[in-house]
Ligand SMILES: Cc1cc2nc3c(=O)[nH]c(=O)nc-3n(C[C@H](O)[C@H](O)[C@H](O)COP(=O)(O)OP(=O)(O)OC[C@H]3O[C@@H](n4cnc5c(N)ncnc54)[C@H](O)[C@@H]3O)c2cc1C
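Quick heads-up: it's one chain on its own, the form predicted on its own, in structure tokens.
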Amino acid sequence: MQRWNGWGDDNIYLALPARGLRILRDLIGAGQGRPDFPLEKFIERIPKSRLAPHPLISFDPKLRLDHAHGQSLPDWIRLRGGTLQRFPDGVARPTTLEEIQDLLRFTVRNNIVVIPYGGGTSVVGHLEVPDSRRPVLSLSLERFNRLIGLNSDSRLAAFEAGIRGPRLEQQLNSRGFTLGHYPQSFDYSSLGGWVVTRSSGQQSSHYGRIEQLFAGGDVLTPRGSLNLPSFPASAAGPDLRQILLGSEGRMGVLTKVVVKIAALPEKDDVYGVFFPSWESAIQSVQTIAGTDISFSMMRLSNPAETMTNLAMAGNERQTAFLARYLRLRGISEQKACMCLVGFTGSRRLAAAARRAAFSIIRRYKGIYVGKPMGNAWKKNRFQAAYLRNTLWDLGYAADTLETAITWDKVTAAMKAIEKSLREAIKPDDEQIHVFSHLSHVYPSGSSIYTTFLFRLAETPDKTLETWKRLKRAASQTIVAAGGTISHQHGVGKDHKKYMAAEKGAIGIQALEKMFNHFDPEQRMNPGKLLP
């Protein structure tokens, strides 16, 4: 069963290794867990619904609570601290297109706000219930989750938009195909959610980001149905598919998604590498990214993240052996940078790409440590989010932020983001643990993915105020450095105030007019994406 006030399956617990806890206490102090606000008190608090009865709408208070939030840190603070105040007036879980159409007609007749709900994994406030005089309906697509059709000749598959990652891959794998889209939220996030937030999977260098995989589909808008055909290519004006990508529910309800699929690969391997310094590591990664070498992923951790990852690995004997081996090869623990490099495809092409990449890695003094580290990462790559539950129980808040920026600015931006977080925590007379990695690399630049941990304050409101200060400082630094406000998490509510810096005034006006065309009464997920 999915945990009601945290991440994932409530039967899964990820322990924090003793060494990791010692390091965390040394760096930022001992945390103090806070009692969770009881579920039964939330149930008592949920107000009477403002919606008229409808056979497809549930007014169950627990269901309304479950659909009142995503997985952002503010969501967690309000949920676990008991300060969450706004809830949808009802939740609909349709199973057919006709039921979705019926629900949308009902919302028009009754002046109802609609929040499309996929897997509930948003970390930037996409699902926050607005403070609205109009009733709010959460329209969940969790039961709208079937494979519609697969064309093996054209390598296209059509799905209902609510299908989640594991079910989607099961449907494709049984037929010899894969989508290959693996965000960390893979177990719970939905295909439609990936499209409307412009998601990026961990192996996107091989399979492509979702905007490269999205071939077409259908959207139900308040003005009517919008069909986006799946042409191999078209010069018939601007591509309307690009308007839907990243629209975050503002246009309507995405019901059908057509995606480009690939044959299951013969090889899908990830290798571990250590570099003696950040400078040599980033030069190696940048060089490989600028070639035609066919890698599926490169994930480069800075020294602080490398140290943290090794501490969290759990096996102190193996970690100590690795540290001794690296010292013998001239790599100190303080400066070491861990890199995971993946190759996917046919045996012949994967082997050729591996040889070409490792010739460059050796040039920059990278030390190969084999597949065991890569295998461990693959085994646990969707489990890391469970550490948020463990850390919270120990009295620590953990959050992430990310950007993408050109190569000439990557290192300076990374250092500036980390510095801004350390400076922003000072008014609380507290310490913060910050570390970063490059999660996706491109010929022109890279993403920067930064994680930060700090101690929970005495009250939820104080913890939230600390987070707001940290988020504001880092976001302003990202914009000043010339990075995008979001590489893969979308905009939601948390990033929307920075959109004007990226799109410009005329661009924001164009988006406003476009959304108003499809949704003239601003019924669909209002208050998100645009400032």
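Computed from a prediction, not measured in an experiment: that's the story for all the values here. From 1 onward, residues are counted along the sequence shown.
Keep in mind that the form predicted in complex with the ligand is not shown, yet the notes after this line are about it.
Partner contact region in the predicted complex: 120 to 128, out of 120 to 128, 224 to 232, 403 to 411, 86 to 94, criterion any non-hydrogen atom within 4.5 Å of the ligand. Within this chain, Gln184 lines the site of the ligand in the predicted complex, having a heavy atom no more than 4.5 Å away. Looking at Thr484, you'd find every heavy atom of it more than 4.5 angstroms from the ligand in the predicted complex.
Among heavy atoms of Leu168, none comes within 4.5 Å of the ligand in the predicted complex. Although the partner is absent here, Gly217 sits far enough away that none of its heavy atoms falls within 4.5 Å of the ligand in the predicted complex.
Across the proposed site, Leu141, Gly252 and His489 without exception bring a heavy atom within 4.5 Å of the ligand in the predicted complex. Between the options Ser420, Ser189, Thr450, Ser294, the residue in contact with the ligand in the predicted complex by a heavy atom within 4.5 angstroms is Ser189. Residue Ala385 is the only one of Ile367, Ala397, Ile288, Ala385 with a heavy atom lying within 4.5 Å of the ligand in the predicted complex. Taking the ligand as positioned in the predicted complex, the only residue of 44 to 77 that brings a heavy atom within 4.5 Å of it is Gln71.
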